[in-house]
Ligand code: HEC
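As structure tokens, one chain now follows by itself in the form predicted alone.
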């Protein structure tokens, strides 16, 4: 009987530990995502999505001019850096938001990869529009399809390591704006498209023929997200240099007016 109780106690302890760990991981991911959104909206304007656009600073790899701790980073966010273009964010960010930004910076460092081979953006554009057939799903400025996410500003939103990973392993991270949904109407008709928006009564999507559809949920038999990305992997289609070229091209896509 004692042995049974001991086993149950060990099992309960292990289960509790796993539960606490899962809660901590969920909390960290939530904080990191909050920090990511704040960073892209406020910091990437100067530092870039990789954090390496300011001379002498590489936020994505933990290289700072004066900061050596999380508290130093919080102080810089609070008061800025006198004599530079780094402003104070004490009025814009709460302490919780500043902590979230720091958490994201630490996440960037932990997920940064070794330096990739340099790519040729001009050649990358040729591959993107030709062999890669990317415009058959994506749109850049006024060219391409609206079925997949618009990539006109992707260079301002995604890190180099994330762009490369998306080409090699599209299922690794599917952004909310890139999620596809499968809908089955009451008459049995199935529609697959990229979710644009939904509310209490309707769901809106872009279907495979680039048509914007707004469907009443009351008329649907079922609907739900597709777990995997519909984008193919280019692991076996492009060699390392071609991948580097395409990524270099994607990095240059920073808006309608950018060249």
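Numbering follows the first chain given and starts at 1. Computed from a predicted structure; not experimentally measured.
What comes next is about the form predicted together with this ligand, which is not displayed.
- Remark: all three candidate residues (138, 149 and 234) come within 4.5 Å of this ligand in the predicted bound form, counting heavy atoms only.
- Only one of 81, 122, 185, 168 lies close to this ligand in the predicted bound form, with a heavy atom inside 4.5 Å, and it is 81.
- In the predicted bound form, this ligand sits within 4.5 Å of a heavy atom of residue 66.
- This ligand is not drawn, but in the predicted bound form it has a heavy atom within 4.5 Å of residue 85.
- Among residues of the shown chain, residue 43 is one whose heavy atoms approach this ligand to within 4.5 Å in the predicted bound form.
- Taking the partner from the other structure, this ligand in the predicted bound form has no heavy atom within 4.5 Å of any heavy atom of residue 107.
- Residues of 127-163 that come within 4.5 Å of this ligand in the predicted bound form, judged by any heavy atom, are 128, 132, 133, 134, 136, 137, 138, 148, 149, 151, 154, 158, 163 in sequence order.
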